[in-house]
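In what follows, one protein chain appears twice in different forms, each by itself as structure tokens: structure 1 and structure 2.
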Structure 1
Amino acid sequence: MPGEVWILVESLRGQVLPTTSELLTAGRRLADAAGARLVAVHLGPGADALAPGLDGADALLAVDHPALAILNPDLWVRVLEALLAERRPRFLLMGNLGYELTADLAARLDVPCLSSCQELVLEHDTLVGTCRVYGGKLLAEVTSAAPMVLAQLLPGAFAPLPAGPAPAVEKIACPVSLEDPGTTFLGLDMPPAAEVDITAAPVLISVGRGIGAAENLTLAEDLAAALGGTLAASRPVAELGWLPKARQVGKTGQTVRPRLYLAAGISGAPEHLEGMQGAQLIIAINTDPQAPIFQVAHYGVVGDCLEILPALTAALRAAEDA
């Protein structure tokens, strides 16, 4: 309905994806500021099973059609265009799916869209988005007071909401024909299961090029063991084959939100920061005092991680023995 805030649910194989929880957080803030309902929108079957994972939404609007079970941009845009044109919500927020859908929808509906948003606020009925441009090298503040605005949010930018009641499900018939799609879904190839899930680790010791060599990883492994943590890496370390791709943090790796993220020898490229800046506590070790990682770190040490990592491990073990 007019004035509502919508978020597009992202799920896979019957599970709500973490990006959806972040969309709920951003949507809840906007809905509260506007005095509006927050509505989660799900395309495809299985909405009833997903509802408990969508706490924070006031309602779940579901288009239960088997052709929408897997993302097909042609069909999804067709359905969303019809829904938005009929119900006229004020905002529609999308996460990773927004990379495929936002621009096309905005052009079809002739409405503004904001991309790569890391913050959204409502100021005097105007949406203000902080958006990353030029690969994250710059931040742009974009505003719109239009009656409808689409926004694509960066994964990892918003912390999930506390658990709450599941929303009521409103199932509606598909508003358009889904015949003759422009593209055809052939199959889904999943990567092999990782030996460890760094997205679930409460403590991450992440190493970058500054670790020097593969044999120096034991210094980070020892500290991770002392803290009850898990070893992670920046992209150069994964590309060198020193650690598997499943342990890579960043835009082309995993988005993580641990309680503690210790970055050792990581300069802090925008692509890496995108994947870890949501950590509750960030500690950075780097020899360069101008390294971008220090801009997001809560605590920083200018020094050689090859010296500081074993010193931290020794101090922790000494404290345990005391």
Structure 2
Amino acid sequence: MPGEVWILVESLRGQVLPTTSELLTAGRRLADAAGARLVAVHLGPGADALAPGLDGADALLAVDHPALAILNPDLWVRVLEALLAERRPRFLLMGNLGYELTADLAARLDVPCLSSCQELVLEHDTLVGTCRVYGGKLLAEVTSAAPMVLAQLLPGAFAPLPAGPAPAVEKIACPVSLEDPGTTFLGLDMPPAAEVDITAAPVLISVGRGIGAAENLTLAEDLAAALGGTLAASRPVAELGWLPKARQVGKTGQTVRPRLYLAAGISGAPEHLEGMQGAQLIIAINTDPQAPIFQVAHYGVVGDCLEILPALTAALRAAEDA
């Protein structure tokens, strides 16, 4: 029997996250190409409730242990290492959890790993991954014919899989001792209650480092007022404290899918693209024509947002008056 294709389920508060659905897409393609089973792997309790959200997988393998309820790096690596060593799947695909787990597992098992893959195909028996490198300015095609490969997929790079039947759940006992953990979960700090929910806003004016100075935010505020939009920010801008963390878009911020996402002075680091590429209409303004944001933008303006934002505000107001 050819080695299985595994994906690692990502869920939050009993809900399967969209990244998992993307993993199912990528996994399904590989499984079909290899003639293998697609198995979703879930660590922690609550597998039954998650199963309907994992339609498309052939099976759901669940290690039902309360200590695994939250991502605990050391425990998760231990359990996955034991599972992989014992069951030898051909591929394990991960999403955001991959940033934490892929490399450590690969090194422990001495198997190859790929990061930030936006494409994965099988050429004969060789896996070819296309990885986003150098801040998205270049792609690296990496190949491996090893019997087991771990891959971390770039969130947003694969479309979610259309619905299918829910997989059968196979619960197994924890294959390894969880005593004396190397990492102990101490607690979760929730962000301060947000004064706005940018995930619910239909129009986002999002500012990045290109805005230059905190005082230039008024340019974006003016446009937001004229357009009926909400202000959002890239990580550096939130990090500088120019806008509250609650308005940060990206991997460590919010994932947004607004009607319009206007990126002003945002270059488009992979972690940012991940949080916004699902927007229906993306307009990007940046001085660097090579900025990765233009790879996801529908409309691009190579220019300075300090100039374009007020011009657009003026045009909107003029149109309103007309």
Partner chain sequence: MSEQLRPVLLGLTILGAAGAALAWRVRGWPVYAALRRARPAEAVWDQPGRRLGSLVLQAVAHLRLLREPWAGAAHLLLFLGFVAVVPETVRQALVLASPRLAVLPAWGGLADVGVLSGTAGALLGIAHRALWRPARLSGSNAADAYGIMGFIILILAGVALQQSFAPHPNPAAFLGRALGRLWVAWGWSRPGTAQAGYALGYLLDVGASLAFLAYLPSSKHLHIFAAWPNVFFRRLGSAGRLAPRDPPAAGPAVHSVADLTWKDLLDLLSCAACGRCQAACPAYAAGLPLSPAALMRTLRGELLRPSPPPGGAGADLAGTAVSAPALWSCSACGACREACPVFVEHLPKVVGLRAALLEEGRLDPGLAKALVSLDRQGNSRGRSATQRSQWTSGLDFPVPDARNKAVEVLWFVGDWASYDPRVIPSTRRLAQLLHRSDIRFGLLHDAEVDPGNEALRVGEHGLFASLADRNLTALGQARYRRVCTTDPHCLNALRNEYRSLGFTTPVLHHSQLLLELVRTGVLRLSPLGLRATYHDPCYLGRWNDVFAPPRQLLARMGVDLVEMPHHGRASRCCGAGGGRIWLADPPPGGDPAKLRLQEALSLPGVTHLVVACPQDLIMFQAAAAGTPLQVVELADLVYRAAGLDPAD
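Each residue is numbered by where it sits in the sequence of structure 1, with counting from 1. Under this definition, the rigid core comprises the largest set of C-alpha atoms superposing within 1.5 Å between the forms. What you see is a predicted model; the values in this text were computed from it and never measured.
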**Message:** Structure 1 or structure 2: which matches the form predicted on its own?
**Reply:** 1
**Asked** Is the C-alpha displacement of A146 equal to or greater than 2 Å between structures 1 and 2 once the rigid core has been superposed?
**Response** no
**Prompt:** After a core superposition, would you say G250 shifts its C-alpha by at least 2 Å between structures 1 and 2?
**Reply:** yes
**Request:** Determine, after fitting the two forms on their core, whether V41 shows a C-alpha shift of 2 Å or more between structures 1 and 2.
**Result:** no
**Request:** Report, in Å with one decimal, the C-alpha displacement of D304 between structures 1 and 2 after core superposition.
**Result:** 10.5
